[in-house]
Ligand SMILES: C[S@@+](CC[C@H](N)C(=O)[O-])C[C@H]1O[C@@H](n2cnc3c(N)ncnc32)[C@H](O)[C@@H]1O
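The chain below stands alone and is given as structure tokens, in the form predicted alone.
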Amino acid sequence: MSFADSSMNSNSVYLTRENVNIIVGALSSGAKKVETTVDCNLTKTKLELLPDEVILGGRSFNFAELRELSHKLTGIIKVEEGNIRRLEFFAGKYYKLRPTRFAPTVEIDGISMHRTQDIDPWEDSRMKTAQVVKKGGIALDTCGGLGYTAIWAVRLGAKEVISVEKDENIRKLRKDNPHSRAFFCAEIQAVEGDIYRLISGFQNEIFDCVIHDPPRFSLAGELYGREFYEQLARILKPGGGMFHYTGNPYSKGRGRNFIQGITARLTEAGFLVKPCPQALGLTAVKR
């Protein structure tokens, strides 16, 4: 974590219950400065405090406002040029960027799209990506989400990443998420659309690896089917690897049959499959 010294009067800031509580505590004690994060744990900043207020993102917040926020805030508020915007909205489903101990996750109707128990979404994405990414290779990120997987693929040496995301609401939150900033780089090509439909347009044996982190089976069963796995095998180079996130189906009563079904279909599609319990998934190598 790096450190900056700034009053943050004009830059955008991100407020969560955690950093608001820190500011409230400092104001209560009569402190003139306080050190906290205002970009969801990417950096720490020293904020200058007035007797009963602080300037954040070009807007003055008094003690009473902050104390109320500290009780009610469960998500993330972005403050920029004096304007306040909650990073959550309803669009058929309720989408919410929710803070964790490091990088935010996305919740859809209250269901987190990342592992958050005993692990942070950022580290979770690193573990998945590290199973298969090759230095100098081309990677496919089938369900890009906030972009963490694609960012890690580049950091781990991929020269190019094709990252596909179907949901425009996830893409909207990705633009607002501080931890997604590195996604918008020359090495990552963001593709809007449904990977199930788009994959037939990819060339044969073009990718060195695939990170496949699909939604739950009940939401996107087609992304767990043999037909789709055959397409993944087609676009992978011989010896190319795939990480397939499965989650922990044992906790939901599916267990062995669910994993065995995925393994069987991958095998039929031309993969050698091994369990990867540390990342809650499977690794598969094209034969």
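The structure displayed is predicted, hence computed values, not measured ones. Start at 1 with the first residue shown and count on from there.
There is also a form predicted in complex with this ligand; it is not shown, and the following applies to it.
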Location of this ligand contact in the predicted bound form, chosen stretch of 154 to 162, 74 to 82, 212 to 220, 131 to 139 [non-hydrogen atom, 4.5 Å]: 212 to 220
Contact assignment for this ligand in the predicted bound form, among A103, M113, I188, I199, heavy atom within 4.5 Å: M113
Taking this ligand in the predicted bound form as the reference, which of E88, D176, E123, D194 has a non-hydrogen atom within 4.5 Å? D194
D208 versus this ligand, in the predicted bound form: is there a non-hydrogen atom within 4.5 Å? no
Any of the heavy atoms of E107 lying within 4.5 Å of this ligand in the predicted bound form? no
Please determine whether R98 contacts this ligand in the predicted bound form, using a 4.5 Å cut-off between heavy atoms. no
Determine the residues of 143 to 168 with a heavy atom within 4.5 Å of this ligand in the predicted bound form and present them in sequence order; the list may be empty. C143, G144, G145, L146, G147, Y148, T149, V164, E165, K166, D167
